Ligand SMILES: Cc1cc2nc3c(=O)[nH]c(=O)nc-3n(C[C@H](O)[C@H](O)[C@H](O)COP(=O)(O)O)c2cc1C
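Only one chain is included here, represented as C-alpha cells and corresponding to the form predicted on its own.
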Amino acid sequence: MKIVAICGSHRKGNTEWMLKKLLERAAENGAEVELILLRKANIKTCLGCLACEGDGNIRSGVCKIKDDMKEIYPRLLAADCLVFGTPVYFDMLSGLLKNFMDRTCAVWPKLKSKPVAGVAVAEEGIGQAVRNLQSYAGICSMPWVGSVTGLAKAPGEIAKDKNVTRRLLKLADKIMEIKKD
C-alpha cells in the first residue's frame, strides 16, 4: 500500500508532526509512505480556465499551468490512500491546502475511490476544517476513513498530547486495514 500525505502548513510544526507520526506507523506496518510539504512547492492558483477539461466531454487531466503540480499529479495517482493535514485558520483549512485542492481539478476523477483521511490542529477549535476535508473527499467520490484533531498553540506542542498520538496510531492502523478488506 502506498500512502501519500499532503501537509498544508506554512511552517514546520504540529501539522507536519501529526502526518509524520501517522506515516511512521504505516511504514512500520509495511506501507510505502510519502510526505508532500506544500510550503516547499511552487503551486500557483487555479485559473479556472477549464483547459484540463479538454474538449468539454473528456477531462484531459492536463493543467496548462507550469509549476510543481506536474510532478505531484503522478504521485497522487500512484497513491492507494491520501492523508491531508492542515492547521486551522478562521475555523477552516489553510489557504495553502485549499489552493492545492483546487489544483487537483485536472485529475480529480482519477482520484475516485481512493480512501482519504485528515488531520487538523488549531489553537482553540477545529471549526469547519475537518468538514472541509470531508466535503472535498465527497465531491471527488473518495471514501472518508477518518480524522484526528488536536489543540496546540506553539510549534511542537502537539507531540506532548498522548491522546493525539494514540489516535494517530489508530488511524494509521485503520488505513492499513483498508487494503486487507
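A residue's number is simply how far along the shown sequence it sits, counting from 1. Given the structure is predicted, the values throughout are model-derived calculations rather than measurements.
Same protein, other form: the form predicted in complex with the ligand, not shown, and the subject of what follows.
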{"property": "Heavy atom of K153 within 4.5 Å of the ligand in the predicted complex", "result": "yes"}
{"property": "Exercise: D102 in contact with the ligand in the predicted complex, heavy atom 4.5 Å", "result": "no"}
{"property": "4.5 Å heavy atom contact, G146 and the ligand in the predicted complex", "result": "no"}
{"property": "is_contact(V88, the ligand) in the predicted complex, heavy atom dist at most 4.5 Å", "result": "yes"}
{"property": "Among the candidates E32, D68, E123, E28, the residue which, in the predicted complex, approaches the ligand to within 4.5 Å (heavy atoms)", "result": "E123"}
{"property": "Residues within stretch 23-43 having a non-hydrogen atom within 4.5 Å of the ligand in the predicted complex", "result": "none"}
